[in-house]
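The data below hold one chain only, encoded as structure tokens and taken in the form predicted alone.
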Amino acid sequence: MQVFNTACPRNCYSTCSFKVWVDDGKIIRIDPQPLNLATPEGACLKGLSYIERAHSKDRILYPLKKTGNDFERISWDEALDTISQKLQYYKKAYGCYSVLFYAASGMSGLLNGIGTNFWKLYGGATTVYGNLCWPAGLEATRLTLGDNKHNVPWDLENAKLIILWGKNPAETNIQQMIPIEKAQTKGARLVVIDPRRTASSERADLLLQPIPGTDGILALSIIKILIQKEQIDKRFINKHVLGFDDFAKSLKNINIEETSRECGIPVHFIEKLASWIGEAETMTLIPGYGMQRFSNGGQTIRCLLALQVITGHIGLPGSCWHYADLQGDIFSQPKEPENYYPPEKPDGIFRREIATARLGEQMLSTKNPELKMAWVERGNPLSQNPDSNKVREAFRKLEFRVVVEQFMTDTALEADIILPAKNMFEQSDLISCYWHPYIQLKQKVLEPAGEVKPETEIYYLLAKKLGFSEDEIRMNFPGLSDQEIDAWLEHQISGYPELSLDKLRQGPILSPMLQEIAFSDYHFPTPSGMIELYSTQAAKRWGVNPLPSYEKPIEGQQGESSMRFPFQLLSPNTKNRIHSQFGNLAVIKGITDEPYAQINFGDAAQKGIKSNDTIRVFNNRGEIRIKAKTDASLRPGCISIANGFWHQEGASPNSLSLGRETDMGHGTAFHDNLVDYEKWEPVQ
């Protein structure tokens, strides 16, 4: 029996460190790795389910070819021969841009960059720009503070006021609840602002449930109250903040009674929260990612961040803007969000003209050349991208599709050839995190199951099939052996004497670039060198107000479109999935409910709907038939269906969302999504 230190590579805040026990080629146990101060108590349920996931009977272990409506096993030679022939044909007949290379965030790691190397060698491809997850908030933070970083997670216990604004860490970042609860034992107040009553809000001293998409005006009203009561940090503002006077003047037309009607929060609760903020000795504001997935998402985040800025809660223990920490990402140049953006001038290799947010629509409309083939890895766009019915249509219009995948997802079902993907235990890689500042080695602990090949090997072999020279292959790909992979990884960290694979095998290591209390040196890498409430970049690059301002969502309850579809559809993450991963595992299915739509019992009563009734949720983009669960925890006028369900389960909320970008950052405005619903009964 062997014990290895490793870390979870999923798109999740925690990026947990843990120990994995291997016996006779199988994972048998997963234990905490307390050396990671952010995740000392070990993995969540999803992490524990890796024992099943690694050895699942449903895992794809061999290359598969579609024959009719089914798939049959084929050899690697046949798979690679077919793919290489298609690549050569499309390049000659239509050009490299007729091939779409789509890679998402299903598994993180430095070795993922090898895919880009392959497509450069091929001569280029069409790729996407933007991101599904968080770029509007990243860009809002970058414009204001100059960098995306926050205090180390364990500093949170020093806060006297903690505001979870649209975040539910008790389900989506469970390790964060450790310092929150420590802070509460020391007397800290916890405020939760969320249209849903969540597991996190059960611990709160105050819960506010605003109308979705109106968080910006709520923040600005609180700021106006604080300015009027002079409960702001004038010394900090005068020394470190650009544009405060203009910002304060811009609030003159904000009226608290009108704000109350706009966001649905009673005046006395707005005043109470303002009072708590004004009195707070230290404050950490933790926004979630849901708010910035509205069409006004970037400006909303700028409004919230302004609340932190004008009170001087930056650069101090217990006081920070806790959105994203990229201090552990010592490898990317440029860093997120700028690496999501299309180049100002085409590089002549990749055609980045398709927005991730509008994948289906723009795949269908792309010309000169049209798309003929797609390669998908580390992603499931047919369930996870908005307007997924149109995404399916676009994929079915292609002539040839390759999907590299572990399980038979919605996207894999559309493939002509499926190549079996490695799992996290079958190849070593280096990973960082966007919540804590550790660099970690995800160690290889198992030989690949069946005929699985790591993606690096797939690309290596495909490059051989396409006839690239030995020098080209050697320069762009590590070799096939574990030793060659380790040598490649060692080279990536060779500039950091604190790091080595041998050291990382012993456990996680803090980033050499770490500033434990973010901005404690009061260095803000903005054009002015100050915190920029007034941002000329925001106006020039994105065409928005240079000051933080509230703009109504394009499709929201406060607009005209609500007359036809009056309910706001929310698609939050759930504790038992990471987007569309893990939900297919037996251990997860055994403890979770079947898909359901959560609705307010008052709304339900008006429509004659009871819990466990089947309802039809619909708008002009699609419909879902799903069971209802009614309670009083969700704000009236909202309906919630968890993100991550597959179309195979009949419950993907992206059947109803529109492909729309956020106001900045090329993000995805999933949550501008109005629907209606009704009781549904099958025709007899």
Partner chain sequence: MKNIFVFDENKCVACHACAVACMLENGIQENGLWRKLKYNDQQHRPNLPLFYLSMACNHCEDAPCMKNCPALAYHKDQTTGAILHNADKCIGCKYCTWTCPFDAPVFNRQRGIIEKCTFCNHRLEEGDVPACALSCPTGALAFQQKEFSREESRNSSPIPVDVGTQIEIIKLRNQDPPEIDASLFDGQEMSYEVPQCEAKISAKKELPLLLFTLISAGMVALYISGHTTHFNLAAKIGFLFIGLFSGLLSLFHLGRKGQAWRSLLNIQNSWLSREILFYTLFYGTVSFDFFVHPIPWLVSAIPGILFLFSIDMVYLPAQWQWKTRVHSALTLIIMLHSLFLLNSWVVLFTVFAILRILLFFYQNNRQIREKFIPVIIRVSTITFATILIHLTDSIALPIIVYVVGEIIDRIEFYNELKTPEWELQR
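Please read these numbers as outputs of a predicted model, since none were measured by experiment. Residue numbers count along the first chain shown, from 1.
Keep in mind the form predicted in complex with its partner chain is missing from the figure; the text below concerns it.
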**Prompt:** Pick from 444-452, 390-398, 261-269, 316-324: which stretch has a heavy atom within 4.5 Å of its partner chain in the model of the complex?
**Reply:** 261-269
**Message:** With a cut-off of 4.5 Å between heavy atoms, is Ala170 one of the residues that contacts its partner chain in the model of the complex?
**Reply:** yes
**Prompt:** Is Leu634 a contact residue for its partner chain in the model of the complex, using a 4.5 Å heavy atom cut-off?
**Reply:** yes
**Message:** Just checking whether Glu257 would be counted as a contact of its partner chain in the model of the complex - the rule being heavy atoms within 4.5 angstroms.
**Reply:** no
**Prompt:** Would Gly42 sit within 4.5 Å of its partner chain in the model of the complex, counting heavy atoms only?
**Reply:** yes
**Asked** Does the trio Gln184, Leu206 and Val587 actually contact its partner chain in the model of the complex, every residue with a heavy atom within 4.5 Å?
**Response** yes
**Among the candidates Tyr90, Phe601, Phe247, Trp375, the residue which, in the model of the complex, approaches its partner chain to within 4.5 Å (heavy atoms)** = Phe601
**Request:** May I ask you to choose, among Lys65, Arg29, His55, Lys627, the residue with a heavy atom within 4.5 Å of its partner chain in the model of the complex?
**Result:** Arg29
**Request:** Select from 45-66 the residues with a non-hydrogen atom within 4.5 Å of its partner chain in the model of the complex and write them out in sequence order.
**Result:** Leu45, Leu48, Ser49, Ile51, Glu52
